[in-house]
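A lone chain, given as structure tokens: the form predicted on its own.
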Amino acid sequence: MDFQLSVEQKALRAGIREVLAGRFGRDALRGAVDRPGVDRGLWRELGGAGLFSLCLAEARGGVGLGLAEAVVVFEECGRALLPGPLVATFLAAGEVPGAGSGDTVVTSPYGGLVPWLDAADVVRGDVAGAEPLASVDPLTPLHKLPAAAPVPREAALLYAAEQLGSAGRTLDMAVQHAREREQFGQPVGAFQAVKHLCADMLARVEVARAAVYAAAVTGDPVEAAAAKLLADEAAVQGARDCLQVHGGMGFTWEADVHLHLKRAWLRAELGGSARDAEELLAASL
């Protein structure tokens, strides 16, 4: 099979990347860290751009595209570290009034966690007994449930797409730093240890991308579980390797890479646990 993006999908990716760069660039990201909360204006702009109604039929006011295109868009959202309950709101389009247009913020429990519970207008699913939980990610407030809720296949795949975007972004950040930062009179990327870190990051990103795109096309739940595992590894280990390439600076508040690592840890839990995915894969053998 050929999982290369079509001309239309490449145009969709370029369009959403341009929208996010203009509306949620680095300054906006750092501002969101200082003032956490759902940006209602941004939410409605994303709704107006068709992000939440992407898979909704045109007759119902949507764009009429499929899960493969949604994966492309959510990859860009992950790359930009866009905050908010994107997955739950996206999956509620057409079922919850205002979700598709971005006028309504929707959240839902995934696994044992509920993101953005206090900020959401609508909650889908049972959140009885939810208790506030200190979140490792400053841009994702959390509640913890007494029992784990199931994670739909589409939600797991969209979280995998966000992980893929984050992995791609940290790869770019590592390569750029390795080219620009000099030690002993040469770029640090000239050193073999740094080269290996960047090469390993690239390999994980490309394998994860193939798995995520394939799962979006086939719709197979086992392939979705495998894609989530690979995307989690690419995002978490990629952010850790990016920290290493940045040296001591990577651990500081001023560097964005630590935000990617914290969000990657969080998504790895929200999109379904690794243990559940491994059990599903083992049962399919």
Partner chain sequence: MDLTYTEEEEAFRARLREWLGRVLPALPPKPSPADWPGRRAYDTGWQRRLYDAGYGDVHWGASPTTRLIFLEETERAGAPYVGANFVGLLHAGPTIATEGSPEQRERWLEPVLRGDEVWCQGFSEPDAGSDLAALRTRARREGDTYVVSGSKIWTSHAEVADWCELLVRTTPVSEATPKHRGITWLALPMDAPGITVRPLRTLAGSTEFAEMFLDDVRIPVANRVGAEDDGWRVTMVTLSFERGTAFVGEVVACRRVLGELAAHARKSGRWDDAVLRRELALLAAEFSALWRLTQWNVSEAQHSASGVPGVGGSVFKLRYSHARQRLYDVAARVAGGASALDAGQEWTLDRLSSLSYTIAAGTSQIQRNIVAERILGLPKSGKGGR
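Residue numbers count along the first chain shown, from 1. Because the structure is a prediction, the values reported are computed rather than measured.
Form predicted in complex with its partner chain: not shown, discussed below.
Engineer: Which listed residue (Ala92, Ala178, Ala130, Val122) meets the criterion of a heavy atom within 4.5 Å of its partner chain in the model of the complex?
Structural biologist: That would be Ala178.
Engineer: Consider the chain as shown here, without its partner, and state which of Asp118, Asp200, Glu182, Asp103 has a heavy atom within 4.5 Å of its partner chain in the model of the complex.
Structural biologist: The residue from Asp118, Asp200, Glu182, Asp103 that makes the contact is Asp200.
Engineer: What I'd like checked is whether Cys77, Thr140 and Glu269 together line its partner chain in the model of the complex, meaning each has a non-hydrogen atom within 4.5 Å of it.
Structural biologist: None of them does, since no heavy atom lies within 4.5 Å of the partner.
Engineer: Using a 4.5 Å heavy atom cut-off, which stretch among 110-118, 149-157, 211-219, 132-140 contacts its partner chain in the model of the complex?
Structural biologist: Partner-contacting stretch among the options: 211-219.
Engineer: Consider Val63 of the chain shown here, and say whether it contacts its partner chain in the model of the complex, taking contact as heavy atoms within 4.5 Å.
Structural biologist: It does not: once its partner chain is placed as it appears in the model of the complex, Val63 has no heavy atom within 4.5 Å of it.
Engineer: Wondering, does Leu51 line up within 4.5 Å of its partner chain in the model of the complex on heavy atoms?
Structural biologist: The answer is no: Leu51 has no heavy atom within 4.5 Å of its partner chain.
Engineer: Going by a heavy atom distance of 4.5 Å, is Pro187 a contact of its partner chain in the model of the complex?
Structural biologist: Pro187 belongs to the contact set for its partner chain.
Engineer: Ala88 versus its partner chain, in the model of the complex: is there a non-hydrogen atom within 4.5 Å?
Structural biologist: Result no; Ala88 lies far from its partner chain in the model of the complex.
Engineer: Which residues from 268-285 come close to its partner chain in the model of the complex, meaning a heavy atom within 4.5 Å?
Structural biologist: Those in contact are Arg275, Glu278, Glu279, Leu281, Ala282, Ala283, Leu285.
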